[in-house]
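Single chain ahead, by itself, as structure tokens, in the form predicted alone.
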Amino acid sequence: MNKVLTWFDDRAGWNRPIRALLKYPVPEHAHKNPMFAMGSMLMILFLIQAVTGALMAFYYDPSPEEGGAYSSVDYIQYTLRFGWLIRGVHHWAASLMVILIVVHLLRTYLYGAYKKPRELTWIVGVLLFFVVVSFGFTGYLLPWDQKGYWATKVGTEIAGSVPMVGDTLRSLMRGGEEMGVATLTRFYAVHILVLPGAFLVLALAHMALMRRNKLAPPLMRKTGEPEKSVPFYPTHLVIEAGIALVMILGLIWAASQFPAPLDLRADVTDSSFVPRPDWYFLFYFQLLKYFPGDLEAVATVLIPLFFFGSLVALPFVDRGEERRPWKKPITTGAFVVYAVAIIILTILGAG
């Protein structure tokens, strides 16, 4: 084995970068806090999504016609051996990705880890959040069932309400004026090609920036106290492997106890169907109810721009050295307002 590894290293030079990766020092406060493992768990979830998605792609037919998308998903769910497990793990891992990236952003926010020199790390994390949410939106249509079809129709109509460029956006998303073959093909291509590529590029950039600028020190670190650390391999890797194992077992349990939903086949003539988005879009759909008619642009453009714009601008606005959240009433207060508003809107949307 040593001879084989030496042969590869002489020709590829892998030994030094791999050793540097494995010997990376992890701060002791991050090693002891599971909240700092969320980034690694997101990468593992992405790999799970890639594997389960690839397995389903062998049987999926991206066509809205009879015997196409809906029939292939029905076959995967109810006929294919272990198809229910693959689709179930894919379904629940998608929701877990949203939860973990939100927790990851919140931990970074509350720890003040977006401050200099980690501004770019934070901005890339915000972009990753947008990509993860986009996975959910594009994947919702792929079964071509009632829920997915009508929720996507509403979503593209929302895009169409954007002033000046709305019609172009809606037509670009649908591949025409109405939803059909072009819509499903575009959503499928974005879901399996564009978004995974964007996620990988951003995730690698995020990790490179994190390695370069290191993790933020603990909030209560004493002045002059040396920072203790542990090696990534094997000390910290064991902790993350244990968390990943529990997560994977939890996904398998969720897939077996709560199968991935599949509604009736999409009926494009049934305009009476009331669509319900996935849980992480409920707050937004509820928000739209408060801005009817001419005010719709407030909910479709102004509020989202303000929300994402404030996240991107955060490290350039809060530039002080203080990172403790109880010592920063303005940014902590903004976090409380955002969190309470989203929770209340989600509860109302689910009711």
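Throughout, we count residues from 1 along the sequence that is shown. Keep in mind the model is a prediction, meaning the values are calculated, not measured.
What comes next is about the form predicted together with ligand HEM, which is not displayed.
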item	value
Location of ligand HEM contact in the predicted bound form, chosen stretch of 292-300, 50-58, 63-71, 35-43 [non-hydrogen atom, 4.5 Å]	35-43
Non-hydrogen atom contact residue 266 with ligand HEM in the predicted bound form at 4.5 angstroms	no
Residue contact check: residue 153 to ligand HEM in the predicted bound form, 4.5 Å heavy atom	no
Partner contact for residue 118 in the predicted bound form: ligand HEM, 4.5 angstroms, heavy atom	yes
Close approach of residue 105 to ligand HEM in the predicted bound form, 4.5 Å, heavy atom	yes
Contact test, all of 283, 288 and 348, partner ligand HEM in the predicted bound form, heavy atom 4.5 Å	no
Contacting member of 179, 94, 86, 101, with respect to ligand HEM in the predicted bound form [4.5 Å, heavy atom]	101
Proximity to ligand HEM in the predicted bound form, single hit among 251, 128, 184, 76 (heavy atom within 4.5 Å)	128
